[in-house]
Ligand SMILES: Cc1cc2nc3c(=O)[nH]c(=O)nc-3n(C[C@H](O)[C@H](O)[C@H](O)COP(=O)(O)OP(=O)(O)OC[C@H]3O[C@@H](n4cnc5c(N)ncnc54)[C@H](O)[C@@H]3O)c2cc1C
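Below you'll find only one chain, the form predicted alone, shown as structure tokens.
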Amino acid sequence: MICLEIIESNQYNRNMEYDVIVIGGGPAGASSAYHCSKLGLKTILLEKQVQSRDKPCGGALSDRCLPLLGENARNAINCRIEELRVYSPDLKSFRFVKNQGSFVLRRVFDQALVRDAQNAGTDIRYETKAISIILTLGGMYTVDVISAGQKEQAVTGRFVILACGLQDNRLIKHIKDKNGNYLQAICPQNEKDYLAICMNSESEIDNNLLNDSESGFTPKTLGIFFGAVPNGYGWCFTKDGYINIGVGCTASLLNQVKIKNAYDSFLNTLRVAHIIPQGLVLNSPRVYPLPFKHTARETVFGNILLVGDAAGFVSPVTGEGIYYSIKSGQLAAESIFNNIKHNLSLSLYQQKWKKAFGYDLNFWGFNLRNTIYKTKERMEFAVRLACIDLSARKRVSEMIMGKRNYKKTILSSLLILPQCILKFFYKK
């Protein structure tokens, strides 16, 4: 039914000029389109995959996302997270039981986000790949597209929001930076330790299998396993009827072959520790990259704005990206609206995301990541400190769940660090 509505909408709107062209139908693109349409901007979203798109992802959603979501996206949440478990490399662990955060199934959640954008007025085109962006003499952008392998009539708009992932040279090669030079890359994929490489699988599971497990690792639990891979961590998320297991670390340390070995080793660890049932059959894992060091240097190029992964908006500590995608989509939409209605500079978008989360990611998050992930010994020590102090556990848990930013986490943790260290050595 939704497909038919989209097809009909596209048939009537393909020759129209738009205020905003959004390229990419993930959380960043769908959020951008949703907020643009809510502000009254004529918007079209181009997504190269089919309607039931899916993306490898842990699927944890922090509560700060909820006010930014439409009705369909809120209803698409799989379950609330009831418990957080954090493990050291030696499987020393602590629990934090508090209802905060949610789990989503990305193929369901992403579709709901797009549906909200469509309901707000966005025209949607699935299986439509943008192949170039050209600035015309009239100051409009023309986006050439391919659908079902055939080149179709170009889409024209005043603004373009790039939400198509890390980078796409086919799209950016016609974009000029502030010095008038054509871009070769937006996010520096060749920079040492810039990319993370992740592998995960998501499989259906009977909740009773977890309720009966020896470890007590129950449904609706978010498990983080520091040191499961070099300079990174593993995760086991038990959703309602699903289990999501994965590992991630900086790409310079592991290639695609080695990440599979690390993933298999982590699975074995979970089975030996009876965290997951021995005979549990899992779907095949998938590998994917993430920006994992800093945000893009610039995110505004003329009337082209970058959001989500395309702008490097991913936590360097936890790898969380959904919130930053959704939030940057909202900020991009507001910046375009204010440019059209109030003649405010688009460069304010850069200022807004830096104030909202950019400085916290680039400075505090980056330094925290370098401090904690540098060695297994540091990860072990950090988790063990949290194990013996309730206030430390609360800070770590709230940071992981996105309730406390990295600056507040670091500064408040420094205040209690001496007493935590004293407790640690006293108990030894």
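Residue numbers here begin at 1 and follow the sequence given. Here the structure is a predicted model, which is why all the values come from computation and not from measurement.
Missing here is the form predicted in complex with the named molecule; even so, the following discussion is about that form.
Participant: Can you pick the stretch from 388 to 396, 42 to 50, 355 to 363, 368 to 376 whose heavy atoms fall within 4.5 Å of the named molecule in the model of the complex?
Facilitator: It is 42 to 50 that comes within 4.5 Å of the partner.
Participant: Could you tell me which one of Thr299, Thr295, Thr128, Thr122 places a heavy atom within 4.5 Å of the named molecule in the model of the complex?
Facilitator: Looking at Thr299, Thr295, Thr128, Thr122 one by one, just Thr128 meets the 4.5 Å heavy-atom criterion.
Participant: Taking the named molecule in the model of the complex as the reference, which of Arg384, Lys55, Lys38, Lys403 has a non-hydrogen atom within 4.5 Å?
Facilitator: By the 4.5 Å heavy-atom cutoff, the listed residue in contact is Lys55.
Participant: Checking a candidate spot here: are Ala28, Gly165 and Asn200 all in contact with the named molecule in the model of the complex (at least one heavy atom each within 4.5 Å)?
Facilitator: Each of the three qualifies.
Participant: Could you confirm whether Gly223 comes within 4.5 Å of the named molecule in the model of the complex, counting heavy atoms only?
Facilitator: So Gly223 does not count as contacting the named molecule.
Participant: In the model of the complex, is there a heavy atom of the named molecule that lies within 4.5 Å of any heavy atom of Gly321, even though the partner is absent here?
Facilitator: The answer is yes: Gly321 has a heavy atom within 4.5 Å of the named molecule.
Participant: How about Tyr288 - does it come within 4.5 Å of the named molecule in the model of the complex, if we only consider non-hydrogen atoms?
Facilitator: Flag for Tyr288 set to yes.
Participant: Since only the chain is shown here, I'm wondering whether Asp116 would be in contact with the named molecule in the model of the complex (any heavy atom pair within 4.5 Å).
Facilitator: Result no; Asp116 lies far from the named molecule in the model of the complex.
Participant: Could you list the residues in 222 to 245 that come within 4.5 Å of the named molecule in the model of the complex, counting only heavy atoms and keeping sequence order?
Facilitator: Contacting residues: Trp235, Phe237.
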